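One chain comes next, on its own, written out as structure tokens in the form predicted alone.
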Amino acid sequence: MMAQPAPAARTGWSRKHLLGLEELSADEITTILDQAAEFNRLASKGEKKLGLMSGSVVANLFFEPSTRTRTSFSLAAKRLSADTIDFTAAGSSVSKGESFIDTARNIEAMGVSHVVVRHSSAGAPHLLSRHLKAGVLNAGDGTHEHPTQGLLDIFTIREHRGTLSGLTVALVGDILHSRVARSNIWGLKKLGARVIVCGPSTLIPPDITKLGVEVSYDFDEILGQVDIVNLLRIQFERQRSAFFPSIREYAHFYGMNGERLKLAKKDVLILAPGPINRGVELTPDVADGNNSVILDQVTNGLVIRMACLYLLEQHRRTGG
């Protein structure tokens, strides 16, 4: 008999789509985190295959390269007993001139219940949500948001610290181009964390303080204050000009290494949304050290994506 999650974890969700954390309330974010914790509990008991989405079809539409996110969503759907369609732009009809909307609508016509989409253009999932009957889940849109990465980062912190309230979290690196930073900021602030963004002035948006965060350009200066350091990857693929003199100089001022770790609190948590550039954002000894929870992030990504898909499925089955 396939296990069911605890009834208490099912309440508090009324959305057809999950497009970003900016639009979610603290209660809605907590509902997702609680549902993920329930899936974690069931998995720890050996109950990994659940029949909660049997008969549903999840289409993964990835117009950008991805390893962790796409694999995680695919496995999450299968753990919930949904069928999956995995789409990549390379070799598809998009290369023949078919529009983004037409591609999605044709795939939806195969009986798709939910569409997971990653696209280089900000707002692409929002556009799809206005043209599809299926639920739409944002897997990253341009430099706008990456809600499930933000959620899994927050979930990882909560698993280790019990709460977000009162914690100080530093987001370090390429804030300007990072959709992960934006989702983290929205979620962390709503759950009561203090957020400091840190990096070269050229990689910090000039109006970022409007989101309620503090800004620092000196990593060493803030290290003793923070409980969590989330080291963001340099988005070389999104940069059209040089934002710092050299990778070596960036690593010197903003890379997390063993010496810099000594300046931090002894129990500081080190997070890094992959893929990581070893020797740039952090050195191997830090990435693989006792303070690192990077692999926990990857593991938690599965239950977070299961929770998101399940909650959207519950909305679909109950008619909203």
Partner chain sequence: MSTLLLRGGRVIDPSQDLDRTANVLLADGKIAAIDPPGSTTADQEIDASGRIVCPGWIDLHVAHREPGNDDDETTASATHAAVAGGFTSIACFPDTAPVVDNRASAEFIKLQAARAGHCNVFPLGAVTKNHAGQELAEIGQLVDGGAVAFTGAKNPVANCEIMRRALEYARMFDRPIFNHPQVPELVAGGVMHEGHWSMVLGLRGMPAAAEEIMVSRDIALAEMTGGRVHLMCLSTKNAVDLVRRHRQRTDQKGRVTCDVTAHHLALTDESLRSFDSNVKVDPPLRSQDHLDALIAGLKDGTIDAICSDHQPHSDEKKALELDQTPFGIVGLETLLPLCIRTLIEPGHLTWPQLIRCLTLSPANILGIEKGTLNAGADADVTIIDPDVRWTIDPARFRSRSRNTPFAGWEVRGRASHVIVGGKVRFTA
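Being a predicted model, the structure only gives us computed values, none of them experimental. Positions refer to the first chain, counted from 1.
The discussion below concerns the form predicted in complex with its partner chain, not included here.
Using a 4.5 angstroms limit between non-hydrogen atoms, Phe100 touches its partner chain in the model of the complex.
At the 4.5 Å threshold, heavy atoms of Asp296 stay clear of its partner chain in the model of the complex, well away from it. Contact annotation for Gly123: at least one heavy atom lies within 4.5 Å of its partner chain in the model of the complex. When contacts are judged by a 4.5 Å heavy atom cut-off, Asp207 counts as touching its partner chain in the model of the complex. Segments offered: 73 to 81, 150 to 158, 218 to 226, 123 to 131. Contacting its partner chain in the model of the complex at heavy atom distances within 4.5 Å is 123 to 131. Among the residues His119, Arg194, Lys190, Arg233, the one placing a heavy atom within 4.5 Å of its partner chain in the model of the complex is His119. Distance criterion of 4.5 Å from any heavy atom to its partner chain in the model of the complex singles out Leu211 from the list Leu211, Ile247, Ile85, Ala89. The partner is not shown here, and in the model of the complex the stretch 145 to 172 never reaches within 4.5 angstroms of its partner chain through any heavy atom.
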